[in-house]
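Shown here is one chain on its own, the form predicted alone, set out as structure tokens.
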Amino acid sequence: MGIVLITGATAGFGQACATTYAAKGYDVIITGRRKERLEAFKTQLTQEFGVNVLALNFDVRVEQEVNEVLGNIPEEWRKIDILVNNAGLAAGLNTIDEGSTSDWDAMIDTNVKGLLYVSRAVIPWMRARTTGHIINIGSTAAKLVYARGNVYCATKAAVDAISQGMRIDLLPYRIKVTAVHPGAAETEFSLVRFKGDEEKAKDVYKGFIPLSAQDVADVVFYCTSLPPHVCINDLVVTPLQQANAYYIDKK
């Protein structure tokens, strides 16, 4: 079928995407910071679906690590058909004057710079073959800023803008670029945002049925399964009870 590279593949959207593509017969490159979890997931995918899996343990925030690890993968793995830039996080939920600068750094370094570092390493391989599809995972927060979301919303707005710029720059090379912007989805997202506070994380999803990681993975796969001449540029997906990043009807 081809090769797909998915960042942040040990949980949430990334894990669901890797499972979905492996189930469809794709060979999968999975990346993540948690080595034991990454290796266990590799074994699971290999045993369950019989596909080839390359597990790459690195931090997308560290440019040197990205370049060293991706720059040294075997030649046959460089024929990447699909890149899913999924690694990302929200850290904290504070007003701008009370925000933690370490939280800001984590979000900017992961959501924006990490996406850029990985893309910069992979795009030349796609350019050389004049084919490929890049999926950038954004958020409804890219479209509407909400109270206390300041820097997180800014990083996802950056993903939106970068996706538009990529699409223009890569047009001559016939490389598709799709930004997928999920709304409220029950993954580790809120648990990370609230620094492991399970009660706060659960409260986010009370009163409505949120998206699942699999819902988003299905949307991502659909975007990459269309005919070669068709590209979904920008797609926002929410639960039925959510209109945008701010309005959720909880009943």
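Computed from a prediction, not measured in an experiment: that's the story for all the values here. Start at 1 with the first residue shown and count on from there.
From this point on, the text means the form predicted together with a small molecule, which you will not see here.
Asker: Looking at the small molecule in the predicted complex, is some heavy atom of each of 18, 134 and 167 within 4.5 Å of it?
Answerer: No residue of the spot touches the small molecule in the predicted complex.
Asker: How about residue 110: is it within 4.5 Å of the small molecule in the predicted complex, going by heavy atoms?
Answerer: Heavy-atom contact with the small molecule at 4.5 Å: present for residue 110.
Asker: At the 4.5 Å heavy atom threshold, is residue 41 in contact with the small molecule in the predicted complex?
Answerer: Because no heavy atom of residue 41 falls inside 4.5 Å of the small molecule in the predicted complex, the answer is no.
Asker: Counting only non-hydrogen atoms and a 4.5 angstroms cut-off, does residue 11 reach the small molecule in the predicted complex?
Answerer: Result yes; residue 11 sits at the interface with the small molecule in the predicted complex.
Asker: Indicate whether the small molecule has at least one heavy atom within 4.5 Å of a heavy atom of residue 185 in the predicted complex.
Answerer: Contact check for residue 185: yes, within 4.5 Å of the small molecule in the predicted complex.
Asker: Please pick out the stretch from 71-79, 167-175, 85-93, 124-132 that is in contact with the small molecule in the predicted complex, where contact means heavy atoms within 4.5 Å.
Answerer: Selected range: 85-93.
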